[in-house]
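Presented below, as structure tokens, is a lone chain in the form predicted alone.
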Amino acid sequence: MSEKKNPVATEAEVTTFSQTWLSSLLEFLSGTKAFYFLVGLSALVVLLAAMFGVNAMHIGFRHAYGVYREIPWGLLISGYVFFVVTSTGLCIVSSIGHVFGVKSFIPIAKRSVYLSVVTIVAGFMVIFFDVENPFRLPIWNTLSPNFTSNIWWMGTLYGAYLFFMTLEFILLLLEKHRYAMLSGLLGLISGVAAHSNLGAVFGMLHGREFWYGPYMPIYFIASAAASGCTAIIFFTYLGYKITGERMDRAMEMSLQAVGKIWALFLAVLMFFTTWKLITGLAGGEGKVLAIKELLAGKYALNFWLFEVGFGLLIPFFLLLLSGFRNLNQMFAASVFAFIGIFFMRVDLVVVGQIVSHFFEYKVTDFPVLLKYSPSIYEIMVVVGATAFCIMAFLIGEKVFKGHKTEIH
């Protein structure tokens, strides 16, 4: 009678897994002085940012942050949206190859999945310091669910998304590609659902004319795809520069394919942005005031230079000039895009709140347009989350040896 095979893992598989992790640990210990300096500096910034965040909790958010009753969402919400949008985009990009089997996208799958986990954790770090009592969230999210709340669904779906993406990466490391594909599909479904729901958090607020409407959930998905393409080109290019390895032909072809769909989604975002402005100027008085402030007021520099210039036009034309073959130009496009995307998130969150609820009542003692400036506490929390991404990226490149993926 033949010996029954363990359905979970054989002894040989466990041994191979242990040897792989031992090899990864030794690889991490073999880093250069520059590598350890950058990792250490990033870790120091994360620690410093955490100290700022904890101190803000101690003295009270009302005193530490620049937000107030009329503008309750500020830089931290903008940073949260920035990181989770990037994470969902990385998941979408990785799923094209790993879940749907498009071979030209397979070489970037492992790095995309890893970075999607890193960026969603960074987003959770930011929102942790925005919620006055973050420890209540997982408790009451489970014990007292509110199925009519978009924010409840956001927390639940993003929790499921983090679980499935982490599981997918572990299964990829174990070369369990069939199960990794299933986990990736579940991660994609939960991620897209969570992200469109995040758009609905804004789009279903009747009291904020700038946000309200069915446009937001769709825009968030298109924006996520563009952000994911930006991130994978940016980090893959840096990964090869850090290791000094020569990029193989398969990876070059993969980045070219990513660049092409990135250009497509940039064009889609230009379309969305144009019609957002046109329809907004034909909307209610509150929405018109917000859009005029965006186009020609205090936030005009943010919009025209960073959001439109850095975030859309410069990357789009750099991609066209590169012919999707010049990786240096594509990397430059991703640098501009990252800066522009961050300002997109800030403009989205802040401009949606600057018009006073009371402007239509002509209250003379209350301004029509409100002001917001982030405090050093808010800035440091977002800087700390960025430093965490840099640190995790560096460690990941070293420990997982460039996230090499075999086409299967």
Partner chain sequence: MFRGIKEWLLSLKNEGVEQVPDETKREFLKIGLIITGVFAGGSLFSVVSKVAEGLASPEELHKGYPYKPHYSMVFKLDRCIDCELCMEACRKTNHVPDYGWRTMILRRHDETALDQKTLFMPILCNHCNNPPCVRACPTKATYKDKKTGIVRMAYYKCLGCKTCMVACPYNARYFNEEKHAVDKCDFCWESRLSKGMTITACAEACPAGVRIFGDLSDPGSEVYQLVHQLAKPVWVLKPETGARPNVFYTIS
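Given the structure is predicted, the values throughout are model-derived calculations rather than measurements. Residue numbers count along the first chain shown, from 1.
Same protein, other form: the form predicted in complex with the partner chain, not shown, and the subject of what follows.
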Checklist line | Options 84-92, 151-159, 308-316, 258-266; stretch whose heavy atom lies within 4.5 Å of the partner chain in the model of the complex | finding: 151-159
Next item on the list: Would you please decide whether residue 136 lies within 4.5 angstroms of the partner chain in the model of the complex, comparing each non-hydrogen atom pair?
Entry: yes
Margin query: Given that the partner chain is not shown alongside this chain, does residue 275 nevertheless sit within 4.5 Å of it in the model of the complex, heavy atom to heavy atom?
Written below: no
Next item on the list: Look up in the model of the complex whether residue 70 has a non-hydrogen atom within 4.5 angstroms of the partner chain, and give yes or no.
Entry: yes
Check: According to a 4.5 angstroms non-hydrogen atom cut-off, is residue 60 in contact with the partner chain in the model of the complex?
Finding: yes
Check: Taking heavy atoms and a 4.5 Å limit, what residues of 376-401 are near the partner chain in the model of the complex?
Finding: none
